[in-house]
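First, one chain by itself in structure tokens, the form predicted alone.
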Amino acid sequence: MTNVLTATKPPAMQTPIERNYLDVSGVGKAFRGVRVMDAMNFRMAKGELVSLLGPSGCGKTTLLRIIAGLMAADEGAVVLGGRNITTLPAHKRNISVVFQNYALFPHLTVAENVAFGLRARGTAKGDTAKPVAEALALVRMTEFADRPIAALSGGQQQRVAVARALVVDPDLLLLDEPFSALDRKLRETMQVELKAMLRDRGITAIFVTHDQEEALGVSDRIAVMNAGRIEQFADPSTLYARPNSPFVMDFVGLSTRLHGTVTSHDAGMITVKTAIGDLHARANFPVGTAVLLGVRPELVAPDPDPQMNSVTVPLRDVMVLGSKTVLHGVANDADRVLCELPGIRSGFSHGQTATLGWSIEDTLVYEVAG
């Protein structure tokens, strides 16, 4: 399947000339005769931060490695800044990669690790001190310049890896699961810091991640990948509010899921018979169509107005998560009803029956195989 991806709302810094700063066109890849990527088209703007988001095996790391020159595509082209780099070796692409394990040299100091890329490009040893110092200052690691890598924490090693990637002034920065080895609090801190740093320097970057919260937090746009193709490529708000497939709805955030069959259709409004009652949605599917209804949990509330969609379900669980309380309603084996309320909410308990509802306008609807 061909995925032609264009910016729905390009960053303010972008000009029309820069919209195809990185242009991956018709790229395909197979391993041992099995196609893992077919006619992939992927475009991004200069200065844009894009995440490749998807489960293991979906092709995101394969795409990253093809762009980096660490893997050859079977067909197609990669153009960066107007320069066709399809057949260029990795060391001639001016692309920096931050790997999941950071790939730092344990026998070198922090400063020597950062200087490695410069030295590999032929920079004289005496000319590396200034750019290395600037790179370490950028990631707030100046005082660790003479420390061995083994003496650093995971977060500090991550900063060194980023400094080493940035010191060569790359045309494109690729980050392959860069925060996966960090604990949650440090991961969130590093996400904020790295995004601010890249934005301040106008660096074009691609993140590979399977963490939806990470992708939503750091990205200008997100490409949700599944089975070697891109399901949707959009800004975080659009991706969350209007996912274009059940896969995207499930992978990016949580949602109520209710299967049903269209029983009436009139003037752009359908009625859907589900296992827990009739519901309505804005759509044009004919009577008899099997569909999946969805709605984000923060849009669901108890004691809904009569004009809203509503269901009455027993609560399988009530989860108090500090800043929010999540109600898990029982529908059937394949379905669920989720309601997210702000703060700590009392009055709900396991096994209790609750009536929950949401606006018809907030109802997502997808055709599914019957």
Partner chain sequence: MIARLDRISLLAVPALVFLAAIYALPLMMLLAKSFQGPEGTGISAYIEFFSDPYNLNVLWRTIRVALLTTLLALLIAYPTAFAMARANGIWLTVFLVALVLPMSLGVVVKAFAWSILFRANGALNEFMQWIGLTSGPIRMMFTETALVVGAANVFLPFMVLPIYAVVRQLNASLPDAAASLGATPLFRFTHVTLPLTLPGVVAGAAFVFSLSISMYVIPSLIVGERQQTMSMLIARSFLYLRDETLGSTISAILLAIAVAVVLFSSWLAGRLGARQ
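Numbering follows the first chain given and starts at 1. None of the values given here were measured: they were computed from a predicted structure.
FYI, the form predicted in complex with its partner chain isn't displayed, but the following is about it.
Given that its partner chain is left out here, which of 240, 116, 285, 247 has a heavy atom within 4.5 Å of it in the predicted bound form? In short, 116.
Which pick from 261, 180, 109, 189 sits with a heavy atom within 4.5 Å of its partner chain in the predicted bound form? Exactly one listed residue reaches within 4.5 Å, namely 109.
With the cut-off set at 4.5 Å between non-hydrogen atoms, does residue 46 touch its partner chain in the predicted bound form? Contact check for residue 46: no, nothing within 4.5 Å of its partner chain in the predicted bound form.
Is there a heavy atom of residue 215 lying 4.5 Å or less from a heavy atom of its partner chain in the predicted bound form? Answer no; every heavy atom of residue 215 is more than 4.5 Å from its partner chain in the predicted bound form.
Is the gap between residue 96 and its partner chain in the predicted bound form 4.5 Å or less for some heavy atom pair? Judged by the heavy-atom cut-off of 4.5 Å, residue 96 is in contact with its partner chain in the predicted bound form.
Distance check, residue 138 to its partner chain in the predicted bound form, heavy atom within 4.5 Å: So residue 138 does not count as contacting its partner chain.
Interface stretch in the predicted bound form with its partner chain - options 274 to 282, 85 to 93, 196 to 204, 295 to 303, non-hydrogen atom within 4.5 Å: Looking at the partner contacts, the answer comes out as 85 to 93.
Residues 70, 148 and 164 are flagged as a possible site; in the predicted bound form, is every one of them within 4.5 Å of its partner chain by some non-hydrogen atom? Yes, all three are in contact.
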